[in-house]
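Single chain ahead, by itself, as structure tokens, in the form predicted alone.
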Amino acid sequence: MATTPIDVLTLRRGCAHCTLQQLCLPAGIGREELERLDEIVKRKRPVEVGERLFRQGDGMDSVFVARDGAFKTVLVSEDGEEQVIGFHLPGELIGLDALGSGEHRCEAVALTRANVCEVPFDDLSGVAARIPGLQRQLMRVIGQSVGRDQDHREILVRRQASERIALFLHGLSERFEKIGQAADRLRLPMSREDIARFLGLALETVSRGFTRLQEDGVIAVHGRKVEILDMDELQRLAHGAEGDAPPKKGARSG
């Protein structure tokens, strides 16, 4: 009985801008293995702004990756206050917070309209066990998620608000570059209020910080579009070196 040939080029284009390209297409993968991977990936309907992929306390059934769009992960207190603990760009896995306990300790909320792939975790683990190299690549992606959590903790221990803001923008720039987007031209999917909650700062403090960076010629801000004009200076500020060098000509002091 004849089988329908798999369109490998279409599959490759479909995962071209997400971490599932690394998970699904390791070097040397065969047709049968690729078909199996494509079978377990569920392409969900578009997710609307504010819609949740999962809530606190939900069991871990799947991991998710946004083919486009972005998400935030939040902790919600008993009185409904949100603490933003992470942002997820296109191609970054969402839902790994439940790996330890089997239950999600946060909620994943769409910041923009997004198209999401859902990958049943048990199926992914089973396929990874049978495909050489896939398990290592899965662990690498999990490690990247852990690294972002560590970066967030590093931000929160910084005493100066200017350091937190600079470190946030510099880290975001690196992440945009990793997913194939411009590192110096960022379109922020999150609001200033979300940034403030992520950085542990007041909204007014974040707004003043962006204004100061713009007045000092480090960035240019147009709504949610941020152009990094001086990457070296942003990196210097991100690592607490604000007082190590004199301000640039034309930059305001204080």
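The numbering used is simple: start at 1 and walk along the sequence shown. Source: prediction; values computed, not measured.
The next section is about a form of this same protein that is not shown, the form predicted together with the DNA.
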Report the stretch among 89 to 97, 155 to 163, 140 to 148, 121 to 129 that approaches the DNA in the model of the complex to within 4.5 Å, counting heavy atoms only. 155 to 163
Is there a non-hydrogen atom of residue 48 within 4.5 angstroms of a non-hydrogen atom of the DNA in the model of the complex? no
Is residue 39 near the DNA? Define near as a heavy atom within 4.5 Å, in the model of the complex. no
Interface membership of residue 224, the DNA in the model of the complex, 4.5 Å heavy atom rule: yes
In the model of the complex, residue 229 touching the DNA (heavy atom, 4.5 Å): no
If you check 70, 186, 60, 203 against the DNA in the model of the complex, which one has a heavy atom within 4.5 Å? 203
